[in-house]
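A lone chain, given as structure tokens: the form predicted on its own.
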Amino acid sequence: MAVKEARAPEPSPSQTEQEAQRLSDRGLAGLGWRDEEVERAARLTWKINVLKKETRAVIPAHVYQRAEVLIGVADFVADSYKLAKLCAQSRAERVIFCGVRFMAETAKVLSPEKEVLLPAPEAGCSLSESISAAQVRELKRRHPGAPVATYINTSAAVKAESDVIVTSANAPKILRKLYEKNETVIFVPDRMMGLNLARELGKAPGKELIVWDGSCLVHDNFDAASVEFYRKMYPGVKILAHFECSPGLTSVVDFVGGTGDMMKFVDEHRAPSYMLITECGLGDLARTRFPDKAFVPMCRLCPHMKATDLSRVLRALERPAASQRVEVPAFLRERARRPIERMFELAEDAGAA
């Protein structure tokens, strides 16, 4: 497929002003952006939004992306599970994926007919890079007959060796389904999430739940000891932690789940303040969606998620580099698609959203 080039027109002063007002109203001003910063972003978001319509492109963005991407140009904002489904359902011809490589690969697996572009081609994932397809095959050799439940934060090659893909939101439901017919389940690659699942499901790690020793460079660094300090500093605070955090931390917070679950909790509960223990992008998104609620900062930046900025999104639309194109070989694509579709089947059957 030939890479098409296009060029967006420059916005007029009045168009820039209107776009800057839109960005401010949608939350950038509330995040502390100065007027000149909003104006610079507005010139880029205006061009991107014009060009994506002309080129029949759609821009999905993970919740950890930069605020100006989420607010300014994203067609839909979600976690990995919903992004995978929404990309497959979209009628767009091009997908400009604001996320990391394994997410863009998943989009290509589910939509092979679409051109998938990753604005920041170097955007990887410590979890995805912690395990290879060969290592999954070795786990299956050592534990014959045990189904492999693989976290979605993995490469297409690893997905192709799996029986079912899971997310932080639907993993407990799907693993319960697997245990109905199996005594042992293999879970890769996140060790912390695996231990949290073992505790929730009442399974013995290393025996009933075989866990790989991968970790997320963001969630692996949160300190459980600081939770008590924040509770004293902010009486009544509701503390929410991502499933990828350590069992020591998840055992002392008010809620554990995926990013979508955390946002739902904030929406449905009333509290003096909330602390979202995860990547900082979710906190920015929460402040823009719930401007009347108070949030206590305790987060870490993911260098991979923050590698995508507006200028690189525009580059992917105007003159994409070969390195920005995401390809998955056909033989691998078909094998990786099956466990993803199995996830959809089991998650929906189990009542997961």
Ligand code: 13P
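Values in this document were obtained by computation on a predicted structure and should not be read as measured data. In case it trips you up, residue 1 is the first one in the sequence shown, and so on.
Another form, the form predicted together with the named molecule, is not on view; read the next lines as being about it.
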* Residues 39, 66 and 309 all lining the named molecule in the model of the complex, heavy atom within 4.5 Å -> no
* Asked: With the named molecule left out of view, which of 316, 305, 59, 48 would have a heavy atom within 4.5 Å of it in the model of the complex?
  -> 305
* **Answer range among 104-112, 236-244, 181-189, 202-210 for contact with the named molecule, defined in the model of the complex as heavy atoms within 4.5 Å** => 236-244
* So in the model of the complex, does residue 161 come within 4.5 Å of the named molecule, heavy atom to heavy atom? -> no
* Asked: Taking 4.5 angstroms as the cut-off for heavy atoms, does residue 250 touch the named molecule in the model of the complex?
  -> no
* Might residue 150 be said to contact the named molecule in the model of the complex, defining contact as any heavy atom within 4.5 Å? -> no
* Asked: Is residue 80 close enough to the named molecule in the model of the complex to count, meaning some heavy atom within 4.5 Å?
  -> yes
* Asked: Judged by heavy atom distances of 4.5 Å or less, which residues of 257-289 approach the named molecule in the model of the complex?
  -> 258, 259
